[in-house]
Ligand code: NAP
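Consider the single chain below, provided in structure tokens and representing the form predicted on its own.
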């Protein structure tokens, strides 16, 4: 397999962001992002640090709102809605998962769709399924943008998405359909999974099982996008067994260094896009 690194695509996204931020700055606008965090669970600390670093690099004003694990759905909704109504705030990110007593769907729906930079709200989800303008979940978009960057021929290709989550599997399938791929979604109840994936031109792997998928699951010339990320004996690994890299002539995103950096870069792109739309709408009036 040939490694499909995210670095070159990230560099291109950052260059575009820099130009847009400079143009906005000349008009007195600085993109602003607020991230909502609940509880003291440190499992998402690495992801949060990458967002902080990306915001600083892109000259995006970054703010965090921390809440105790005891916060209620109503309290969180109120706080999110306040930021949604702030005309000076351009992007809102709700770090998930939330504690089980909080209704994440209700909180996500408190985010103004024009500021919903990770496509969590039902309005964003619906618009994505209809092929209308919206911010898709950044990880799902990163999958498709990486494949595009590597010039994967979507039209008529058979794409298999492993996993049916709301933030990766389902939106990824929608984005692939929009590019005229023929899409199969597989999950924990799929029979003879390997027989399905072996026929695929493109396989998106996001099931949350560390190094589970070996070479028997893939065609030698397949494009494989590994969304999984796990810590195993101090190593960061994906859902795909690392030995697959020695197999075949296709492409495989490494973990780390594949989907993750592109996801973070796209979140920043979404914030800047939201700021540009605010600037454009102000011209109309």
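Not measured: the values here are computed from a predicted model. Numbering follows the first chain given and starts at 1.
Only in words, not in the display: the form predicted in complex with the ligand, which the text now covers.
Novice: Identify, from the list 72, 178, 188, 122, the residue with a heavy atom within 4.5 Å of the ligand in the predicted complex.
Specialist: That would be 188.
Novice: Sort through 215, 164, 127, 158 and report the residue having a heavy atom within 4.5 Å of the ligand in the predicted complex.
Specialist: Spelling it out, the residue with a heavy atom inside the cut-off is 164.
Novice: The ligand is absent from this chain, but in the predicted complex, do 193, 229 and 263 each have a non-hydrogen atom within 4.5 Å of it?
Specialist: All of them do, each having a heavy atom within 4.5 Å of the partner.
Novice: Among 73-81, 148-156, 101-109, 165-173, mark the stretch whose residues have heavy atoms within 4.5 Å of the ligand in the predicted complex.
Specialist: Checking each option against the 4.5 Å cut-off leaves 165-173.
Novice: Report whether the minimum heavy atom distance between residue 206 and the ligand in the predicted complex is within 4.5 Å.
Specialist: Within the cut-off, so yes.
Novice: Looking in the predicted complex, any heavy atom of residue 240 within 4.5 Å of the ligand?
Specialist: No, residue 240 sits far enough from the ligand in the predicted complex that none of its heavy atoms falls within 4.5 Å.
Novice: Could you confirm whether residue 259 comes within 4.5 Å of the ligand in the predicted complex, counting heavy atoms only?
Specialist: Looking in the predicted complex, residue contacts with the ligand include residue 259, since a heavy atom lies within 4.5 Å.
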